[in-house]
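The data below hold one chain only, encoded as structure tokens and taken in the form predicted alone.
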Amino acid sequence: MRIACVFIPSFTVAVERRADPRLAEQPLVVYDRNAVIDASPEAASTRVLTVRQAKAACPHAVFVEANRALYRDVTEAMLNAVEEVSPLVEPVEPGAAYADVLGLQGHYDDEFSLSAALVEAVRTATGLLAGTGIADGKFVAWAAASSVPPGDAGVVPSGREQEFLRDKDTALLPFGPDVILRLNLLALRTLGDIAALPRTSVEAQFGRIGTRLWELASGIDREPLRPRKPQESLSERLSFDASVVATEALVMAGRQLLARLLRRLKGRTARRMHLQLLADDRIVWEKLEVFREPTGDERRMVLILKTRLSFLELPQAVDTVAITLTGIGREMAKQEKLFADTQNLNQIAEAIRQLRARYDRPMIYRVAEVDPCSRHPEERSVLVPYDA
């Protein structure tokens, strides 16, 4: 199995610098609420700090609040671009993905040309440069992609995985910081140090994760690719001429968006409705509604919309309302009454009376709930004579 990893280092920093080129030459810290989620190399020491600690440690850095909506859009564009080269793509994290490239080599001069095609597809779709790695297995491909600069490629020939990983830092391993710290305390600072030990020794020291730890360090990765399933979605957004905070205006805008979306739905149904309120393309509030059953009922969607927005207290004014419908499917069949005609009901009732008179006992029964919460199914309901 040949796997390609596409990786944009410091993804959120790269996206913010693309949006504002003035940030390119400055130390940059991206935060969400009170936590630092990413930082440029010049401010890398702040990545595990709170915002207050980061400002004290790197006072000359520019601090930018995370724009989750923008990151999602860029990630989706990146995944779509990778799927143009390989149809089997597994998202890893924002700015990173795996792709099955087995069999694609015949379309390119070599795997470096295939990597270049992936880099160019991502650059065209997002404006960002990605590093790529190709190897037998996801972990080695990840290690190869993260060890080259953006725009470059690392290709590990089959059978050379352990040799390639020998001098790589243990921080590449997909385990928590406690495991990495423990490895350092044991003077195991490279993957080669771990692979040089007997498998049983690593298993004895690290328990159930010891086997996978030793195998990954030795270049053995049996984890299969889990490609994402194609999913249709419908999105609409409406921007105001000026920022608003009145819920009546938000509800009215939401109803207009739903009307547009339902026209595009064309009689089909949706499973989820994602509501977003934005200011300057940054999310101020969002809510994902999952319907109990797929629906295309406008009244039902509008009721949920009004319920969510009518009593909402916004921290600031917003300038855009966005709605996305996902889980698009075919129109649901509706269960109608079996006997809607009153005349038919009267005929059925007369037939039941005649059966009872003929056999001198009830012949038709109905189910009546007695104890629906009982642990024993036979105690939850009983049959009682149907009273015509």
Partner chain sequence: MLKAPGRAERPGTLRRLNAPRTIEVRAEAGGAPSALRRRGRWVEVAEVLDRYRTDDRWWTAEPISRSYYALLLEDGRAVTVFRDEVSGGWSEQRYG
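Numbering follows the first chain given and starts at 1. Quantities reported herein were computed from a predicted structural model and do not represent experimental measurements.
Below, we turn to the form predicted in complex with its partner chain, even though it does not appear here.
Undergrad: So which stretch, 30-38, 356-364, 44-52, 317-325, is the one near its partner chain in the predicted bound form (non-hydrogen atoms, 4.5 Å)?
TA: Heavy-atom contact with the partner occurs in 356-364.
Undergrad: For Glu379, is any heavy atom within 4.5 Å of its partner chain in the predicted bound form, or not?
TA: Yes, Glu379 is a contact residue.
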